[in-house]
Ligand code: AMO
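A single chain comes next, written as structure tokens; it is the form predicted alone.
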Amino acid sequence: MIERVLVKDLAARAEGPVTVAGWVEKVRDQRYVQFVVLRDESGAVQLVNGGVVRELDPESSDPKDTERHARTTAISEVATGSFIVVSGELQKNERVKLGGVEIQIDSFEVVSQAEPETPVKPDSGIDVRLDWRFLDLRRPEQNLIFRVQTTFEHALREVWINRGFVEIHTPKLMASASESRAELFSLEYFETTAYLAQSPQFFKQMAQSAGFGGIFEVGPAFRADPSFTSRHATEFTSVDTEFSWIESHEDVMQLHEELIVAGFSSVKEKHGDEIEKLFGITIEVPSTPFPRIPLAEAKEIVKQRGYEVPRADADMDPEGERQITAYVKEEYGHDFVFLTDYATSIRPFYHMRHADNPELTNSYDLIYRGTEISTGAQREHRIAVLEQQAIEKGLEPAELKFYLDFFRHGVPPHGGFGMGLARVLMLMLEQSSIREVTYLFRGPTRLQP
């Protein structure tokens, strides 16, 4: 492995010999001095070649002149984006904007030369940048997005692990439709047909029957949804949890709050200053409890604000989500709101219904800055009730045999949620689309790179 120092560690290092490696971000090739901005995964630093030798004196036999000439030529010819290794003298210089340090070059090695013309320009649109995603990801903003994602996920895992939850990895190939018959990808599977999992829902619940107690998973999910909106993808990362011995969906919401607060707190602590510098925004850690509004009440609030959700028996639509978010911000000063008590008609058969009102379910959607990021609920664990609810939804119990069997041998009261990771990051960092916060986006017309 190349012995190198990361740019972020240079400021704390004493002056003296150092080796850095990364790609060329910019070159200023002046007559008597050359400047190179090198960027690695942690930041950028200025390199200075002050011993410029443009032409080699044929009378000179000094090997240092030959070395300086070769270095000057290499710097003059290096293309932006090339990967280089540089050794030299680290010097502190307060006038240097890049961290107050610079490196006087002693050796300059081009490890991998880039083509002279880059296909991605500063004004390139999202489609071009996605075509050349590996170049787009070199931008400091993009690098930061995925470090934020890492920190956010790690904070969630700490909460789960401290609670004794178990991490599982559920299969993404299924023999039959999971939650519904819609938006499924099918594929040939030897002599039969398989389906890509829309969510790990059934397998999360199986873990409750298995006696795992609390479980979590961060993994891929697939929806054959031909949407071209800023918040939809055909493959996305789903953050899922399920746990036993709950009394209602309120227990699930409380865990959800705890996870969100932990994630935002960790991101703010570790990356807050850099986010403010690169994105011009301040990360706000939400206070608890988050506001809770029953869906029917939320629709009335929205109606009073001048917008009516098209169908009374439908879910809150995008404009309704934006309107209720505006109301919550005005009334509570909060960016999050739980919409609760969804109608049975718009929820899956496995959601538990209210004990005193079978038209409503013990469920919720979590709305963040005008966009739904998660659905959670208490599940129905009583086999007779579960079978009846499936039938009412037009499902044949025989089609659900493997799932219903979980409940024939004892399962505790349980619940959980599934949350779209990219949507959280998009809204947290105020990005225009989940394409910006997804490592490699998959949509109806994109399967590469």
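When you see a residue number, it is the position in the sequence shown, counting from 1. As the structure is a prediction and not an experimental result, all values here were calculated from the model.
The next section is about a form of this same protein that is not shown, the form predicted in complex with the named molecule.
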| item | value |
| --- | --- |
| The named molecule in the predicted complex: contacted by all of 199, 231 and 373, heavy atom 4.5 Å | yes |
| Distance check, residue 223 to the named molecule in the predicted complex, heavy atom within 4.5 Å | yes |
| Non-hydrogen atom contact residue 236 with the named molecule in the predicted complex at 4.5 angstroms | yes |
| Non-hydrogen atom contact residue 419 with the named molecule in the predicted complex at 4.5 angstroms | yes |
| 4.5 angstroms heavy atom contact with the named molecule in the predicted complex for residue 204 | yes |
| The single option of 434, 10, 20, 24 touching the named molecule in the predicted complex, heavy atom within 4.5 Å | 434 |
| Single option in 381, 423, 68, 39 placed near the named molecule in the predicted complex, where near means a heavy atom within 4.5 Å | 423 |
| Heavy atom contact within 4.5 Å of the named molecule in the predicted complex, the stretch among 101-109, 373-381, 156-164, 74-82 | 373-381 |
